[in-house]
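Presented as structure tokens, the chain that follows is alone, the form predicted alone.
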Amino acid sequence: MIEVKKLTLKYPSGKGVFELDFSVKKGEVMGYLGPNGAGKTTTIRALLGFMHPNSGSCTIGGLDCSSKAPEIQKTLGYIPGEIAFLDDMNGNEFLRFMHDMRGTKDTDRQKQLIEMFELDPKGKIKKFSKGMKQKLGIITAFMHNPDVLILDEPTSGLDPLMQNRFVELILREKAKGKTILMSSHIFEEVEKTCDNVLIIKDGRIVKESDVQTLKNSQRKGFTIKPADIASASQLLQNAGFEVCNTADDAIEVFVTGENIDRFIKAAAQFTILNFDVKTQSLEDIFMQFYGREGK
């Protein structure tokens, strides 16, 4: 449903996106991860037809994103990273305006979404809070029942309850076979909703993986307070583990699944006063790609 082939789009500064290759199948939710400036929004602008690539191509539903942008946008659901509204309108006027733009008339879905996100759309948009504007953006993106959705930081400004409602909405849409590309900084949101993830760094995709495989690659972190920190550190280093000292006379060791038994046997050789375990989040895994050489 979404296909990007050898896409390069450069800014005069030399930044941009380079040789991007990926696709999102029907019924798939793809997470698009990376820090600000990595190239996520540039990719999305190319998919929306707002910017034209220097080389390569991108299509949605088989339609070229550059030449068929108006046709694509009528049936696409889109939440921009920075939502701009016609502030002189009230919320209901804006929703009617969007229906007119798309040539849609059925408002049943709109009413369901307004109720789900507890939005009163009667007031002037310029008086809406950040969270209310985000809710209006979500309703606008989903109310015409699109088959493809492109969402750029969709829960920005929402409180935790509404973030959970959004996760529920994505899971329902996924069950209906909708295709979704979602940029997000909220890793719990990605873990709950996405089938696969793309990690982009400096305009290039550095990792493509299904979420389960990425989660399975998690390392466990062990924080140990030994009776003798110097000898404990030496024992673990001799066993082949990388050890970091912490400020409170403890040591921290990260261990992958296949090495846990060897780690426990090495730790059993010294006296432990305190022991704590933490599992890497998806965010920790993601940050591995930004802490490597050449970042």
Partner chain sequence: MSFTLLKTVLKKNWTLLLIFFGVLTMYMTIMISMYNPNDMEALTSMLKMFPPELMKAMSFSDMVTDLTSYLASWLYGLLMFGFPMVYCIILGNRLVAKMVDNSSFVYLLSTPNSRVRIIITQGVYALASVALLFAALFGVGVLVSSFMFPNTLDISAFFRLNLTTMLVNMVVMMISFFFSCLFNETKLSLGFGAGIPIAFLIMNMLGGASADAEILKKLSIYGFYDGVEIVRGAKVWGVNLVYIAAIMILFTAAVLVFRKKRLPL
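Source: prediction; values computed, not measured. Residue numbers count along the first chain shown, from 1.
Beyond what is shown, the protein has a form predicted together with the partner chain; the following relates to that form.
Check each of D87, D159, E208, E118 and return the one that places a heavy atom within 4.5 angstroms of the partner chain in the predicted complex. If I apply the 4.5 Å criterion carefully, the residue I get is D87.
Sole residue of M51, V243, A239, I229 within 4.5 Å of the partner chain in the predicted complex, by heavy atom: Selected residue: M51.
For the chain seen here without its partner, which of 199 to 207, 173 to 181, 132 to 140, 105 to 113 has a heavy atom within 4.5 Å of the partner chain in the predicted complex? Stretch with heavy atoms near the partner: 132 to 140.
Although the partner isn't part of this model, could you tell me whether M98 comes within 4.5 Å of the partner chain in the predicted complex, counting any heavy atom of the residue? Heavy-atom contact with the partner chain at 4.5 Å: present for M98.
In the predicted complex, does G221 come within 4.5 Å of the partner chain, counting heavy atoms only? G221: no contact with the partner chain in the predicted complex.
Whether I83 contacts the partner chain in the predicted complex should be assessed with a 4.5 Å heavy atom distance threshold; does it? I83: yes, in contact with the partner chain in the predicted complex.
K74: heavy atom within 4.5 Å of the partner chain in the predicted complex? Answer yes; at least one heavy atom of K74 falls within 4.5 Å of the partner chain in the predicted complex.
Select from 22 to 47 the residues with a non-hydrogen atom within 4.5 Å of the partner chain in the predicted complex and write them out in sequence order. Only R45 sits within 4.5 Å of the partner.
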